[in-house]
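We begin with a single chain expressed as structure tokens, specifically the form predicted on its own.
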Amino acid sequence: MRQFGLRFKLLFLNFLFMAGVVGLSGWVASADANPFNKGAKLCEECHEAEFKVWEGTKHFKSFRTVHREPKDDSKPSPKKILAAVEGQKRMKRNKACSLCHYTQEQKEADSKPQVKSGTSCESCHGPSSAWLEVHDNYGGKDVKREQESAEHKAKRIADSKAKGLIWPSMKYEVAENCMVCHGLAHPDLTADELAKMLGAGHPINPDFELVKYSQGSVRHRYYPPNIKENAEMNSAELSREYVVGQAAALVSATNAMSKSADPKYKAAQEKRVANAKAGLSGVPEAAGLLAAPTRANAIKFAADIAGKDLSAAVGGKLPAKSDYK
């Protein structure tokens, strides 16, 4: 009987342990399903140079200025735009505004989101709650980045990517994130909401072009072997960056345009489509994307041109370095 009682207790304790593991796994899965931003300060711990670049950008500085009413009537009025959309009448608390203009941070999954900065690291590279721990692990607690094995690095990249990290090498996905805001086409807002914002004076730049805006003040390319140099792209890299940006603009504008009948909004998106098609003309690999501008075709296009020099096809379409923003 004693043996039976002891065995029962062990089985029962094992059951409780396994139930706890299952419960914990379920919690982790649900956290991964709803990732959240942990904030740029955590990125600074390993990416000081990139953080300093960010501090010099409009993405950073606009946090303290974008909500202010302009003295010049020719500039957009935040009050008028807020009045056109439902929700809080303060930019930092309004969903429509915070999606692009701010980074909402949380310490934990059940913490209340708080606006802590303008557009930041996670705006482009994805909410870090699910991938940060994987991204920071170079093979063990005491293993530094320069000591990481090639095998572990490959696995770390794959695992963090699976958890939502958008690596700089994922050219299309990065460009896609730029276009949803700079094209006034955020998928978490209806096109009608965006049309109201445009009608109230919210700016849209149909001529937004990725090279001009990514290789200027926001450029942060600190890669081995010289991790202290903010490397400039060579001509082949610039040609690929240009056409990937056009691909992202084409898909973004096509999707946005089809969701709204508002004349002003539709015209702006039609111009984005026309610009993108002109930018992709002469690039043979873009034929399938031009025929069917879907995200899947755009990702395939980005993969098809990887490593290629498209300078001859892109030609004089690239912006001059003096025009970089």
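This one's a predicted model, so the numbers in the text were calculated from it and none came from an experiment. Note that residue numbering begins at 1 and tracks the sequence as displayed.
As for the form predicted together with heme C, it is not shown, yet the points below apply to it.
**Q** Sort through A162, A236, L99, V143 and report the residue having a heavy atom within 4.5 Å of heme C in the predicted bound form.
**A** It is L99 that has a heavy atom within 4.5 Å of the partner.
**Q** Here the chain is shown alone; which of S217, Q114, T190, Q147 has a heavy atom within 4.5 Å of heme C in the predicted bound form?
**A** The residue in contact is S217.
**Q** Under a 4.5 Å heavy atom criterion, is G199 part of the interface with heme C in the predicted bound form?
**A** No, no contact at 4.5 Å.
**Q** Could you confirm whether R240 comes within 4.5 Å of heme C in the predicted bound form, counting heavy atoms only?
**A** Judged by the heavy-atom cut-off of 4.5 Å, R240 is well away from heme C in the predicted bound form.
**Q** So in the predicted bound form, does K321 come within 4.5 Å of heme C, heavy atom to heavy atom?
**A** Because no heavy atom of K321 falls inside 4.5 Å of heme C in the predicted bound form, the answer is no.
**Q** I'd like to know whether R221 contacts heme C in the predicted bound form, with contact meaning heavy atoms within 4.5 angstroms.
**A** Yes, R221 lies within 4.5 Å of heme C in the predicted bound form.
**Q** When heme C is placed as it is in the predicted bound form, which of 255 to 263, 271 to 279, 52 to 60, 288 to 296 ends up with heavy atoms within 4.5 Å of it?
**A** That would be 52 to 60.
**Q** Listed by sequence position, which residues of 54 to 85 have a non-hydrogen atom within 4.5 angstroms of heme C in the predicted bound form?
**A** Going through 54 to 85 in order - heavy atoms within 4.5 Å of heme C in the predicted bound form - the hits are W54, K58, H59, S62, V66, P76, P78, I81, L82, V85.
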